[in-house]
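First comes one chain, alone, set out as structure tokens in the form predicted on its own.
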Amino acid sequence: MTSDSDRLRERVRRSLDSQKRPTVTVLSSLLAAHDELGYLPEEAIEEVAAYAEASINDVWGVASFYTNFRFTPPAGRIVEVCWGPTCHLAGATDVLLRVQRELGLTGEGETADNRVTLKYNTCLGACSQAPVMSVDHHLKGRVTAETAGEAVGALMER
């Protein structure tokens, strides 16, 4: 019988093998694993180290340097609010405060029922639509505190 750890390792190996870059680095490998799993468990760190022929400490050093990597599984639903310069100037602070209030949070993280993860994002790639948020990887542009609250409220009702 295959364990959860073995299944995680296999998913990470497939993501690492699918990299189509001329140069594969520890960082690109960590990104591939994170994209596949949504976080970096111990198994992913170990598999990236083996794949890159690097030490676990070296891989951990890269992974822990970047704040966008998570090391615990995210909740089933993900809300991201961009707080990059353009979004910040366009009102992202009010959006973020409203989203936090709707989710019962005071910062990034998971709701008490572990249904929703809130992430701050420095760029969602849609500056022309600032402020921007993402709900389950679907962008919503020109959001206001009110429309952001409605989107999160609808998410919580599902």
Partner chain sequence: MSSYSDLKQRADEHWQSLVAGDRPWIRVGAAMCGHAAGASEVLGALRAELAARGAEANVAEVGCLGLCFAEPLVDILRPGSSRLFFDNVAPGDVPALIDGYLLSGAVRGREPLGYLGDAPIDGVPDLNDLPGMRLQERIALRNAGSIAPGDVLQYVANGGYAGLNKALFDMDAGGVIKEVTDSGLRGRGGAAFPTGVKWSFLVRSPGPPKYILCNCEEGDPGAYNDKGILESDPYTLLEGMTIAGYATGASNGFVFIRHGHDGPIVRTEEAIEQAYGAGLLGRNILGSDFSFDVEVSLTGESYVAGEETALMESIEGNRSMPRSRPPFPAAAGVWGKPSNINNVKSLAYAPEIISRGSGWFSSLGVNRSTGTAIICLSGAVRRPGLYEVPMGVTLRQIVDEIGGGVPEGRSLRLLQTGGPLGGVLGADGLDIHLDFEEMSEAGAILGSGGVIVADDTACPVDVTRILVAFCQYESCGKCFPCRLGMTHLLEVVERIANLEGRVSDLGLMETVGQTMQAGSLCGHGQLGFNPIKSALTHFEADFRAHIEEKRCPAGRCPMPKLTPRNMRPFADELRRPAAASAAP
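Take the two forms, superpose them, and find the largest set of C-alpha atoms that agree within 1.5 Å; that set is the rigid core. Note that the structure is predicted; figures quoted are calculated from it, not measured. Positions refer to the first chain, counted from 1.
The next section is about a form of this same protein that is not shown, the form predicted in complex with its partner chain.
Using a 4.5 angstroms limit between non-hydrogen atoms, Y39 is distant from its partner chain in the predicted complex. Residue contact with its partner chain in the predicted complex: G84 places a heavy atom within 4.5 Å of it. Although the partner is absent here, L89 is a contact residue: one of its heavy atoms lies within 4.5 angstroms of its partner chain in the predicted complex.
In the predicted complex, L96 approaches its partner chain with a heavy atom inside 4.5 Å. Taking its partner chain as it sits in the predicted complex, the stretch 114-142 comes within 4.5 angstroms of it through a non-hydrogen atom at K119, Y120, N121, T122, C123, L124, G125, A126, C127, S128, Q129, H138, L139, K140, G141, R142. Relative to the superposed core, L27 undergoes a C-alpha shift smaller than 2 Å between this form and the one not shown.
With the core held fixed between this form and the one not shown, P85 has its Cα displaced by at least 2 Å.
Shown in the overlay between this form and the one not shown, fitted on the rigid core, is a CA shift at R142 of 2 Å or greater.
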